[in-house]
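The chain below stands alone and is given as structure tokens, in the form predicted alone.
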């Protein structure tokens, strides 16, 4: 059955990472993710792992890439300003197809902003945080249990699709304390591992003709080349236009083409819903409370929670839009994900936001008030 623990979201992220097989952390403490670093510094040595505090976030993600290329499952934790500093090397990880997990516990911004206040202002940064065409996977936990369970999912996705994954938490969830079930070790499914290379005579780390190429095991005879320049199938610098086209399209298609496997959503009371609240992360909790308040008044409203923020859960959003009379999208920003909903609004129904950027959570009553407005 496992152990029931009363723990913090940031602590649960660490436990989830370790359960997923992570054994390397490099990071620089930054509010409100610091507890991930603190917990990792204690827990990783206990399981034979390595914790390194770096001089800054630039060095952190560089070390992360190196550890992943050396065969370790690696992760780091930061907040918006740190994710900005990671942007260049995030591009290296994308182009090099290096699996790793980057935890972003979002806080109010821009810049230093209000370091201890919640926000969801990094949604677009998570999608487009590095330059060039690419796809990205971002998961948004809404509970302490999510912080544990989805961290294992994040590592599975990173390995399966050879990509960095953004764990897009927020201060509400990172500092939330609540019940979390930690399974007994024998109950935890084996962590997903990269495919074995076998006895290939010529290892081509970027030859994806028959699916994603496996990563070479550290210490094997095979060489895995990675740098920031466009490469051919062997990893050698290559500026051939046809090759560049294939590589860039692959970086997008390997994720966008696997949406059905990657996109995770949760539907609440959508069977008879005439209105829907679309939410993610800490704000999904307010949406669920608003749904119950509305149902008590006889308003048939449901909630579509986006567990996977990127790539977009198109099928689920399309189905909700086809069913309801109006949509409310609460976000702790001025409206970042709502544009993805509006672009799919083929019936031209009302799609409105509930937005706060003052460092305070969205209250269920605010969502209910907006719902009443669209019903009027």
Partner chain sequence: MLQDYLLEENLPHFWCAGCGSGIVLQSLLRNIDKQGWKREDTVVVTGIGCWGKADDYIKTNTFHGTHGRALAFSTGIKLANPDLHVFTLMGDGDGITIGGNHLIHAARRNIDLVAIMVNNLNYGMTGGQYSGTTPRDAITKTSPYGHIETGFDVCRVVQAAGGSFVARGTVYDVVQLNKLIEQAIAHKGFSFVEVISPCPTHFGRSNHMAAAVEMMRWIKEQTVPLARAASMSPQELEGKFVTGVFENSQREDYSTAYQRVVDRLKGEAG
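Residue numbers count along the first chain shown, from 1. Model, not experiment: these values are computed from the prediction.
One more form of this protein, predicted in complex with its partner chain, exists but is not displayed; see below.
With its partner chain left out of view, which of 349, 54, 319, 312 would have a heavy atom within 4.5 Å of it in the predicted bound form?
If I apply the 4.5 Å criterion carefully, the residue I get is 54.
Would you kindly say which of 63, 341, 324, 37 lies with a heavy atom within 4.5 Å of its partner chain in the predicted bound form?
Only one option qualifies, and that one is 63.
Do residue 89 and its partner chain come within 4.5 Å of each other in the predicted bound form, heavy atoms counted?
Yes, residue 89 is a contact residue.
Does residue 236 make contact with its partner chain in the predicted bound form, using a 4.5 Å heavy atom cut-off?
Heavy-atom contact with its partner chain at 4.5 Å: present for residue 236.
Is residue 224 a contact residue for its partner chain in the predicted bound form, using a 4.5 Å heavy atom cut-off?
Close contact exists here: in the predicted bound form, residue 224 approaches its partner chain to within 4.5 Å, heavy atoms only.
Taking 4.5 angstroms as the cut-off for heavy atoms, does residue 116 touch its partner chain in the predicted bound form?
Heavy-atom contact with its partner chain at 4.5 Å: absent for residue 116.
Only one of 303-311, 326-334, 341-349, 38-46 has heavy atoms within 4.5 Å of its partner chain in the predicted bound form; I'd like to know which.
Going through the listed ranges, the match is 38-46.
Looking at its partner chain in the predicted bound form, is some heavy atom of each of 2, 138 and 150 within 4.5 Å of it?
None of them does, since no heavy atom lies within 4.5 Å of the partner.
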